[in-house]
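Only one chain comes next, encoded as structure tokens, the form predicted alone.
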Amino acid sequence: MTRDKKLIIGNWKMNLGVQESSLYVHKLAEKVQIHRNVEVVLAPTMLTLQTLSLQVNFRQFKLAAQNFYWRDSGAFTGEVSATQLRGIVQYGIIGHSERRHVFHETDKDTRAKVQAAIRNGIRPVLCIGETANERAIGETDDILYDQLIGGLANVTSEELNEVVIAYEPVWAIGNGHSASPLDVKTAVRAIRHNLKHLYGAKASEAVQILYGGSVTEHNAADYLELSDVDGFLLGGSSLDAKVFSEIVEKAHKSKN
């Protein structure tokens, strides 16, 4: 992939059942326009993925898994593997703060999932971000570096082309307190600098970096003006068809 397209991912989290999801996708299909310069990805609950894979127009929407297990198969009751998701989803969200802080997933888990996604032809969306306490004591850069290293330790420069990085400051998720454009610009530049250090300038410049954290139709354009921001990983805004479609339109019209 290249950075020619903006990437907008809607993470529905643990919302909407099978019937509700189908109805919502129908509503989205009427509101969200297809644009060559924007890729729109929906991440519903695991339960609805197969049904929606038969419903969506893949020119309009791609699908993402919110989570999966890193083993391809085996005696792991209750888990779903990336191998089983192959052909259903095109993206997989990995290392989201809720996985890290609610379910206590480690960098080791994140690293294994990134590898599982890549070997199964699924684009990993690696989420990284600092908490309010880490930000307050000036550890943002260190946290981003550690989580980046932790997630990408086994990724080659050739494989990096398939990876998406999502900067999601934990203190700005789901509470209406979005990061300022300057905060985002500083963090995203640090991420790209670290990627350059690890993989070289050419590889780092090709990586899509998203922002996520209380993005709305009112502030989306401010973030899209930042040269290093290639789109959004949306939470609550993705569950409102009007708001979501407006953000997609702003991505289409952005000059960046």
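The model shown is predicted, which means the values in this text are computed figures rather than measured ones. Start at 1 with the first residue shown and count on from there.
The next section is about a form of this same protein that is not shown, the form predicted in complex with ligand 13P.
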- Decide whether residue 215 counts as a contact residue for ligand 13P in the predicted complex under a heavy atom distance cut-off of 4.5 Å. yes
- Find out whether any non-hydrogen atom of residue 174 is located within 4.5 angstroms of ligand 13P in the predicted complex, and reply yes or no. yes
- Does the 4.5 Å heavy atom contact test between residue 248 and ligand 13P in the predicted complex come out positive? no
- Please run the contact check for residue 11 against ligand 13P in the predicted complex: heavy atoms, 4.5 angstroms, yes or no? yes
- Quick one: which of 181-189, 166-174, 142-150, 67-75 gets within 4.5 Å of ligand 13P in the predicted complex, going by heavy atoms? 166-174
- What residues in 97-136 sit within 4.5 Å of ligand 13P in the predicted complex, counting heavy atoms only? 98
